[in-house]
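Quick setup: one chain, the form predicted on its own, written in structure tokens, and binding and motion questions come after.
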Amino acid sequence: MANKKINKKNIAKLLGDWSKEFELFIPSKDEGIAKFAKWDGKDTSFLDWHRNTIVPPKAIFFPPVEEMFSFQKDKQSYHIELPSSDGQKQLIFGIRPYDANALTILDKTFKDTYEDPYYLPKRKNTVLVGLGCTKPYDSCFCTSLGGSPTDSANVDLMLTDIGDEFLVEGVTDKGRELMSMSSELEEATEADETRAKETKEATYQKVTRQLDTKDIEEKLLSSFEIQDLWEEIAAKCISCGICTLLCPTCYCFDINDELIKDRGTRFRSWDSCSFPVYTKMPMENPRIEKWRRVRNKVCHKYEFYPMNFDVIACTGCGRCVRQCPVNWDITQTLEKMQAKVQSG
């Protein structure tokens, strides 16, 4: 199917067509916090303000708190009840390319290592409609990780801003099926294609922050035992966990039971390797010192995960840089570490 286009004024109608079949999520603001939320059937104001959400779309597939099952105890045994799943088809509209890429990284944890019964059904029933990023933050560095602000590789349908309209590109069969479900789309012209190409090239150049990832696994391995370096790197960190909780590829969780009399619920909730009690056991804490936790966080992204899955667990979205309350910067950390290794 050839590429289409749609006037920005008709986006609400387009979403309305799709909402008949899908539970639709769009960028939204809740008390000033930008995140993906269910569409109310009218609001498209995000087209004016959306650069990227603070809370990544991973929260739709892997919620901050998620019920695993409920249970009831009687005199003989426990009765287990799994949470209901209606198999509702979902559509995420406006996902940025680096967040779509992050989901493919999460897939490796929740599918390749073991098949997670909570994450995978939601992932399978979701269609991703990407929206190219034309105003990247100065904290973004997605191009250093092989991505692009307008990359269509990991979405089903891709929209690129070409002025008063969006060029609409069907990437997968799911995306092309979506295109056939709306009468608001028009045939794209050669001029539209040219404008889209110019937008993509210009936007790529706007990502000015760069990170050298060449041989980064080996360099991290070489610096692993240099305690003074990691203490220096960790000095500013306050172990708040924001960088990991808002990271689109972090997946650590804790499991707890909530019990009231003979009824209870087991749930999992986001956890962070930045926290002092992370992985704490009755007799010991394997990473009491802050520098060890910081080292683990950095090495997991750029050394351990690539060792296991052959991909860096970072997409360069820049959330950890923008949201850190003490301006701790992962790119500066890695540059400092690499410089120290090279000079040593």
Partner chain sequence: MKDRETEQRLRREAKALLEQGKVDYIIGFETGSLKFTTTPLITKDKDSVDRLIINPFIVNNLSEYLTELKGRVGIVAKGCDNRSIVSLIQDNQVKREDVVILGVPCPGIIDLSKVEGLVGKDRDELDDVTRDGDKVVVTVDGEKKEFPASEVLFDNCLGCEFPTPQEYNILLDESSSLVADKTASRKGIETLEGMPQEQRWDFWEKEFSRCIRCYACRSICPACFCERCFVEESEPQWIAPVPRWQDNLIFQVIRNIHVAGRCTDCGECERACPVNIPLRSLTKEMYDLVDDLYHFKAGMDKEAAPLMTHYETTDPEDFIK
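Keep in mind that this is a model prediction, so the values were computed, not measured. Residue numbers count along the first chain shown, from 1.
The same protein also exists as the form predicted in complex with its partner chain; that form is not shown, yet it is the one meant from here on.
Residue-level contacts in the predicted complex: of N256, S183, Q210, Q88, one residue has a heavy atom within 4.5 Å of its partner chain, and it is N256. The listed set I54, V311, L47, C299 contains one residue whose heavy atoms approach its partner chain in the predicted complex to within 4.5 Å, identified as I54.
Only one of 262-270, 118-126, 69-77, 174-182 lies within 4.5 Å of its partner chain in the predicted complex by heavy atoms, and it is 262-270.
Contact check for E198: no non-hydrogen atom falls within 4.5 Å of its partner chain in the predicted complex.
At least one heavy atom of V65 is located within 4.5 Å of its partner chain in the predicted complex. Taking the partner from the other structure, its partner chain in the predicted complex has a heavy atom within 4.5 Å of a heavy atom of S139. At the 4.5 Å threshold, heavy atoms of T104 stay clear of its partner chain in the predicted complex, well away from it. Shown here without its partner chain, the chain has V321, R322, Q323, P325, V326, N327, D329 in 300-330 lying with a heavy atom within 4.5 Å of that partner in the predicted complex.
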